[in-house]
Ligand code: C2E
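Have a look below at one chain only, the form predicted on its own, in structure tokens format.
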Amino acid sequence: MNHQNKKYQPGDIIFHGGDQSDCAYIIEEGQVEIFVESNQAIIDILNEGELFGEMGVLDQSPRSTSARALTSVTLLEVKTQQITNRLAESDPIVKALVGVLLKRFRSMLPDQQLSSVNNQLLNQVTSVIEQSGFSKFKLENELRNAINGKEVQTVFQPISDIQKKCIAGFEALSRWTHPERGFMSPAEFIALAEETDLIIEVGDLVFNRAIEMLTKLPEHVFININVSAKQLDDKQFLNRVLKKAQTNGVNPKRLKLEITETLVVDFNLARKWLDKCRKIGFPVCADDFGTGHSGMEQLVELDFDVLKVDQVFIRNMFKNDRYQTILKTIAQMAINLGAKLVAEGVEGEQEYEFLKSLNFDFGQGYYFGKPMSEKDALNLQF
């Protein structure tokens, strides 16, 4: 029997104070009043589209108030697991805030003893999750201060011309050494920056340094920089980069923008990004090409200037012949499509020679050089 949609007539009790909290409700039609049975005091009147009964669902405590249909009402049940599963998978900050608000709400109610509540979700948000949520706030503020204080460093990893075996460019990468936690994984702090507008500030910092670096490098040398969806959606971001390049006499074609395949979930949006970059003059590179579900579809839908083949193919090509077959196919497709090819994760002579035989244009990896400071990068031979 399906209990998800329930109908009530005016005056019908939906639940009593003290009942078990087994679900929340969304009002599809009608009005509901929330009241206290002991004195019939009306707490609130709720209308179509509103949610109620969620507090008990979150901490599994008995209903603290009663609910009654004010008019003819149709309700949609929202089961406990539907809410708790989503909350359990949410950002630690969200869970921490829910936990704090729930405890504060319960503490204001009469006869509510939080310590005695049988509470699977609140147990999560009051300990490790709460701490991790608040530490994330703290880390975000520390990252903002580090950006403002120019403490987020930019390093440059060489990209080599495979056929000529000489430095053709660099990828600009961000590094941050936290004053207490030490070296921070870029995956961690860049992911945090991308959750906020801090990624715009990080991007400005990296692009400014890359442009200044290009003024000191030979004209044929380029720099690749990763860009996020927030940067590309920012109306002024690319124009700021262009103005900085023009002010410093740097050709925009020397700045190649890398878009990770995971961002290309909406081809219409990605096409808009590519068109925007091209109009300004920035070449666009598909980063981590071949690892996502849409690799081949990208080639049809999007006209990338460069395909950057993910390192998983390079590192496994002598362990499994199938990787070599795929690399050969990608190399031929790139030639036919007029796209340049970059191989990531090149670490040995054997890999280099095979990629050269496939006519790959560029290679990146420890075989050509590790990420290094601007000073060390400028001392390389070009």
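From 1 onward, residues are counted along the sequence shown. Here the structure is a predicted model, which is why all the values come from computation and not from measurement.
Omitted here: the form predicted in complex with the named molecule. The next part is about that form.
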{"item": "Stretch from 74 to 82, 170 to 178, 140 to 148, 248 to 256 whose residues place a heavy atom within 4.5 Å of the named molecule in the predicted complex", "value": "170 to 178"}
{"item": "Non-hydrogen atom within 4.5 angstroms of the named molecule in the predicted complex for each of Asn226, Asp288 and Gly345", "value": "yes"}
{"item": "Candidate from Ile162, Val202, Ile211, Cys277 lying within 4.5 Å of the named molecule in the predicted complex - any heavy atom", "value": "Val202"}
{"item": "Contact label in the predicted complex: Thr196 to the named molecule, heavy atom within 4.5 Å", "value": "no"}
{"item": "Val300: touches the named molecule in the predicted complex, heavy atom cutoff 4.5 angstroms", "value": "no"}
{"item": "is_contact(Gly281, the named molecule) in the predicted complex, heavy atom dist at most 4.5 Å", "value": "no"}
{"item": "Proximity of Val206 to the named molecule in the predicted complex, heavy atoms at 4.5 Å", "value": "yes"}
{"item": "In the predicted complex, residues of 354 to 372 near the named molecule [heavy atom within 4.5 Å]", "value": "Gly365, Tyr366, Pro371"}
